[in-house]
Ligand SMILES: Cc1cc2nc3c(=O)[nH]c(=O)nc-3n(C[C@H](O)[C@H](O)[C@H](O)COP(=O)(O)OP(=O)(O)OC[C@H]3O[C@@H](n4cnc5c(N)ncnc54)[C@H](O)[C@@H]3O)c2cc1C
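Next up is one chain by itself, shown in structure tokens, the form predicted on its own.
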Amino acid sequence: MTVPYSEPTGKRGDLAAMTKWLVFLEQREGVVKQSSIDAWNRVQELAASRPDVAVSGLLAGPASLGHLEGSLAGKGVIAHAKDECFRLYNQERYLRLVADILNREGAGSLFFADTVLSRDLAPRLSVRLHASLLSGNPIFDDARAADDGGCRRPVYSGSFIASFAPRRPLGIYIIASRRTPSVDYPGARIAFVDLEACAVAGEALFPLVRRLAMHQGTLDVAEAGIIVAGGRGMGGPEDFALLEQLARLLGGAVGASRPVVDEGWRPHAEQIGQTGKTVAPSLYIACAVSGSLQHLAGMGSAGTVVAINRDPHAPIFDVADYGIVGDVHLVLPKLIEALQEFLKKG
């Protein structure tokens, strides 16, 4: 089934009063990001207590849908804009596409996963559509959400919880991933509807100046289920080889604190924290990370937290499930050796 593409009108009218929620699904290299799948499932959980809410989705760019079978919860229709013009992120194209679908669906709430793309696109949409925007991992309360779309959000690096409510007919939310065990949703009823080729496909209108891609054969820290993070206490960039070795054994990714990135030891793509990426792995191993409020704000949704630090009073121990007081240069080799032996026996 195809739906014709049309230019956004910019007028929402009475449709904004309808209880419809739209979830934006992001793809990269033709694969739907895990963080977007997590966002869809979180919105479905919230909608489960709201019989008056209909959830729909928008997937921009050509992508394989086979791996989505059994991973999406709930019910709803996902519009798939599979035209090649959406393969790479383009601000104006994506703005027009999302605005058009919002107008057509009459959605009152738009949800994004917390990614680099959404941090650029969501604010632009909020300005163009005169919408309320809330990022920073909002916490939705069923009772308030039923009345005015209200929610709560950590502020001042998690020191306080503040309440918010949208002041515009359209509310845009950027929600952090919440990693859950792999679950099959046999009762889910998800339908994909293809959108026709877009009317803004001309490259002359939106030229690609340059594409920068980093291929390291490693997981994106925002997508990883296991993260081994290092702080300035590691000593230097060469010492992160220990973390890379441990991450490979565990099938995870290497993360870094802001001081490490500021020193140039690791790329910004690995930074975790308030000015970096928000992560929610099932296992988070913090090595020589002191645990500043800014760093904790980025990994507060992690499942099990293991901290290794020679300072027994480091704040990271306050949020850790397991703590090891010791020098990482002595602890990590022993941990890696024990893990290698365990894997050999398995």
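Everything quoted here is computed from the prediction, not taken from an experiment. One-based numbering along the sequence shown.
A second form of this protein, the form predicted together with this ligand, is not displayed here; the remarks below concern that form.
For the chain shown here without its partner, which stretch in 254 to 262, 83 to 91, 69 to 77, 100 to 108 has non-hydrogen atoms within 4.5 angstroms of this ligand in the predicted bound form?
-> Only one stretch passes the 4.5 Å heavy-atom test: 254 to 262.
Any non-hydrogen atom of residue 57 within 4.5 angstroms of this ligand in the predicted bound form = It does not: once this ligand is placed as it appears in the predicted bound form, residue 57 has no heavy atom within 4.5 Å of it.
Proximity of residue 20 to this ligand in the predicted bound form, heavy atoms at 4.5 Å | No, residue 20 is distant from the partner.
Taking heavy atoms and a 4.5 Å cut-off, does residue 310 contact this ligand in the predicted bound form?
-> Flag for residue 310 set to yes.
Taking 4.5 angstroms as the cut-off for heavy atoms, does residue 276 touch this ligand in the predicted bound form?
-> Answer yes; at least one heavy atom of residue 276 falls within 4.5 Å of this ligand in the predicted bound form.
In the predicted bound form, which of the listed residues (292, 34, 41, 301) lies with a heavy atom within 4.5 Å of this ligand?
-> Exactly one listed residue reaches within 4.5 Å, namely 292.
Scan 221 to 246 and note down the residues that get a heavy atom within 4.5 Å of this ligand in the predicted bound form; none is a fine answer too.
-> 231, 232, 233, in sequence order.
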